[in-house]
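Next up: just one chain, as structure tokens, the form predicted on its own.
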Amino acid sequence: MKPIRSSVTILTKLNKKKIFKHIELCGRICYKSENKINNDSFNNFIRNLISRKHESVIEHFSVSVKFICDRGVSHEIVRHRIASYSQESTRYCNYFNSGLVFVVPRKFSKNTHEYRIWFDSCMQCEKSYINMIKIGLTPESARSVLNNSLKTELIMTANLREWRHFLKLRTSKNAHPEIKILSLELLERFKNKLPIVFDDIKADSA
């Protein structure tokens, strides 16, 4: 058994100027104002789009993000409907030789009582899974003994408008604690890469 921490990675290469100029070109079709495009006109144009909530225009660019998280968190993620998903399948992946990987809840510190309870539970899951494979059961049957801490890898691809929606929800005070941590990390990276689109999102620190 291998315990790991959750993580998030932006897979799409984000060339800020190229993306923003593409969005500006798409948006100016609405107003037939293509003649106003210059080297940095996208800055004010996109800010105005967002301030007026004309966010359909930013749907013209999509980003793929890789989450490494537990199965419970993945169930939160896939509730977002305007997106495409590819996820590691416990039905087809056989973990008999590689061993199982579990995601440690961020609030559990190593060498604490709660960590030991969690660790022992995951060890029992792994033992039961391996025994079921040994007696000839398929991975899709053996997976029934696995818990929500099992690691999964998930790719989510969504347009920029949906990422704004995702981050507003998943960084709020009511968000699940584990997904909130990942979403706060992702929001900071989006703000760094595509500031005009994400700067106005204020995460709830509670």
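Because the structure is a prediction, the values reported are computed rather than measured. Residue indices: 1-based, along the sequence shown.
As for the form predicted together with a small molecule, it is not shown, yet the points below apply to it.
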Assert contact residue (the small molecule, in the predicted complex, non-hydrogen atom within 4.5 Å, options 110, 81, 91, 134) equals 81
Check each of 151, 28, 143, 170 and return the one that places a heavy atom within 4.5 angstroms of the small molecule in the predicted complex. 170
Please check if residue 47 has a heavy atom lying within 4.5 Å of any heavy atom of the small molecule in the predicted complex. no
4.5 angstroms heavy atom contact with the small molecule in the predicted complex for residue 35: no
Looking in the predicted complex, any heavy atom of residue 165 within 4.5 Å of the small molecule? yes
For residue 39, is any heavy atom within 4.5 Å of the small molecule in the predicted complex, or not? no
Could you tell me which stretch in 135 to 143, 39 to 47, 173 to 181, 53 to 61 has residues with non-hydrogen atoms within 4.5 Å of the small molecule in the predicted complex? 173 to 181
